[in-house]
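Form predicted alone, single chain, as structure tokens, below.
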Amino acid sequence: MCSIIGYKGKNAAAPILVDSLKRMEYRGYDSVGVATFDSGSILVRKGTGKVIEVNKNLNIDQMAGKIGIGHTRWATHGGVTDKNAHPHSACKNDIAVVHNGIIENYRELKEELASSGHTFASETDSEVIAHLLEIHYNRGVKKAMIETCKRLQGNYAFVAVFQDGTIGGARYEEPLIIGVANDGYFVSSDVLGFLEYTDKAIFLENGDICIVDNSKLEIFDFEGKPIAHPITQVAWELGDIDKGKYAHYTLKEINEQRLTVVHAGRQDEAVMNKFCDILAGAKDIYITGSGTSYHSALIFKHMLARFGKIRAETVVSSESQYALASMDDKSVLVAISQSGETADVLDTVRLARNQGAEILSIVNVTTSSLARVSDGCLSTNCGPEIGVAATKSFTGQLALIYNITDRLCKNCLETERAEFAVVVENIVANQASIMKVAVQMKDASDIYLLGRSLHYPIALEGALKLKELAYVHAEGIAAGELKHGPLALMEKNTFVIMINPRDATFNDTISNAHEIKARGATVIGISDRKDDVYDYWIEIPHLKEEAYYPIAEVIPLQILAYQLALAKNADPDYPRNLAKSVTVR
């Protein structure tokens, strides 16, 4: 939810930290701050807004020193104010801290610290970390880090800079990664924070603490016992991080789908075979995800049942503690996540592991916590997705799900990845009808999306995109449930999007469209076949395999949400109140 970065090396820290924060800003963009160490002092500059705005106002990248930490915030405790922005210092200003996560016992700690004379400058839970470190700092940085971590409850990762020029970091259930450069070290919540400078990384595990003192790196656990971790070379396409000719990352990533739906099908044969063998041998299969990834889970369930004759259950990750009581050592959990760091998904994985289940995962970040704890992991191979609203990662998940299903049903789908690319390219190239609809919907207060079978999860996904990007109430509805309540909502000035390709669901959904239109609502059809009932028709290509329609259907919905966001003067890359990787509950 927040991005954190630390640097200690031979170069000026501030410009590097600002550049790193820009790359990780998708994790949080409420406020920005940097602390640097120079000539025995710690200097802090921070403010509300995005990195480029705060840097312009405060000249953060001109701060002196070759040691420092930085942060972009997604608010959890306390409002979006300059005082609540990170880094946070303690009473003596000899420590500064940046933090990602939630300290669950911060109220008790704050009361305890205040009663012993500590004064607080913010409303955040994070500030208690700085004060705890300050209490033990006179016993050395290592002791301060260990004793502080022992007092904290919750999920967290933090990086601190001390007045002696040392940097310390610790993680518990939140990501923290060390970048090993020729001229220094990074400590970051994301490999994107340092990947421009080095591709060598050390992935800290839960309960790890690291200290960078002079040019030496030390890693140990919460008891102070030394730990050795290998250095991993990270493979990632840095070129994908730039927006290039596009106005927004979201638009760039929508357009990239003509490539990423093909890349998702390129899997290591041995890894794919292992993944499918585990699925085929499972007594019970559960599929979990959050948000967009849960919509992929719904389609995966349908594909397994229809083509693989395999029964699976889907569980929203945030509900897993209530829904997985029957899981045992003959069960398999398939966890789907773009980032591989979503807190609810990782909680579900821990629950499943404790009950003896095997863990499979579909991720976009192969170095993530989820990927590293899985028994089998497949990558969507989409490259970095910076836009907060998932686009290419969703269609990448779908393309990979088709590939898995095809293996399990022994090539019954005859998957043609090149066909996906043509479908996406044709839709993206013909956006005029979608832009026309966006103009008409600019002032809509309610939008409903209807679909049957495989198209119902796309109705849910389309509604999510409209909510995320255009800030409009949108609701996905199973078309067969129209008469069981939703029909009461259909009236003049209501917009209804019918997801209705020419397959077995076509005629029933057309009947629903007539019922809706008779109530005065405006009907928009997403289909490969025009019909007079549609007030507006968004054409998609006809596909030989109807199971592939979800990829074709979701592209115009992504474009519609993007165009509607622009019409409403909203920033599609950074939706209000949202962050890309939801690493807190």
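Note that residue numbering follows the sequence shown and begins at 1. Please read these numbers as outputs of a predicted model, since none were measured by experiment.
What comes next is about the form predicted in complex with a small molecule, which does not appear here.
- The small molecule is not shown here, and in the model of the complex it never comes within 4.5 Å of any heavy atom of N100.
- The closest heavy atom approach of Q338 to the small molecule in the model of the complex falls within 4.5 Å.
- Although the partner is absent here, G291 is a contact residue: one of its heavy atoms lies within 4.5 angstroms of the small molecule in the model of the complex.
- Using a 4.5 Å cutoff between non-hydrogen atoms, A459 does not count as a contact of the small molecule in the model of the complex.
- Only one of 382 to 390, 435 to 443, 200 to 208, 75 to 83 lies within 4.5 Å of the small molecule in the model of the complex by heavy atoms, and it is 382 to 390.
- Proximity to the small molecule in the model of the complex, defined as a heavy atom within 4.5 Å, holds among Q257, S369, T342, T348 only for T342.
- In summary, among the residues L304, L464, V141, L324, the only one with a non-hydrogen atom within 4.5 Å of the small molecule in the model of the complex is L464.
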